[in-house]
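Have a look below at one chain only, the form predicted on its own, in structure tokens format.
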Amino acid sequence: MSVTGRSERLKSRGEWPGPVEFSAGWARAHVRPWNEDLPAAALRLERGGARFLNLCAQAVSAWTKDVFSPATLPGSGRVWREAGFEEWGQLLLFEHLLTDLKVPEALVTENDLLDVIVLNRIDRDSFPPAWRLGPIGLAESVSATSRSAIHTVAADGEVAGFAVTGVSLGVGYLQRLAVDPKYRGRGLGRSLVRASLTWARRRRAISVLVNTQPDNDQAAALYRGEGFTDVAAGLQIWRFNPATRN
């Protein structure tokens, strides 16, 4: 596919509803379905400016109802706004400076391979439709950083929870944490957090970041209880307005 009539020629590789990569010269962006439940897309800008991002969003708007940005720091919102996106929602952001780490209380296993079927089942049961990652999103959470790990905990003979952790340029990211609702209250999430923090510090991360939706009081209490502190600015998610043209 190409979009002409401007100074850029937008090219794409891949086929929707699978992952698609957009390019225009040096600029690059990636899009995937938001998840299996909502007719929406997650558009990630790798490099490029607002005009290129606007072209990508226009193309994706022909495929699905809504186009959303990743969670971005407030200082990174300008390019999305200039590309025709409007602020849609906010997320809480927490940081752990990797001091006074604690030992997991439950047995936590590090896995080399992504069992997307099992992890997606837990993810679907753990989050409301708008916040589920889906199989493609889960795979992306593992590949988003140069180094990553999947930790799991078991209960009653089955996988009961998991965490995806990554490290890039000295910063750790707790990309996803989910515990099957029927196994909550056993400290499994706490053990996964502790194992993830230890893993990140052993990879020379200075700190670990994690985010959650504003109404997820249980997750926020877990992170604060494990030594995370609130980052006041939080994160923003942007939604494309198809009526906007750059």
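Because the structure is predicted, anything quoted here is derived from the model rather than measured. Position 1 is the first residue in the sequence shown; the rest follow in order.
Missing here is the form predicted in complex with a small molecule; even so, the following discussion is about that form.
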{"query": "Any non-hydrogen atom of P39 within 4.5 angstroms of the small molecule in the predicted complex", "finding": "no"}
{"query": "Proximity of Y223 to the small molecule in the predicted complex, heavy atoms at 4.5 Å", "finding": "yes"}
{"query": "The small molecule contact in the predicted complex: N211, any heavy atom under 4.5 Å", "finding": "yes"}
{"query": "The small molecule contact in the predicted complex: N216, any heavy atom under 4.5 Å", "finding": "yes"}
{"query": "Among 40-48, 189-197, 57-65, 23-31, the region lying within 4.5 Å of the small molecule in the predicted complex by heavy atom distance", "finding": "189-197"}
{"query": "Heavy atom within 4.5 Å of the small molecule in the predicted complex - residue from S126, N120, T152, S141", "finding": "S126"}
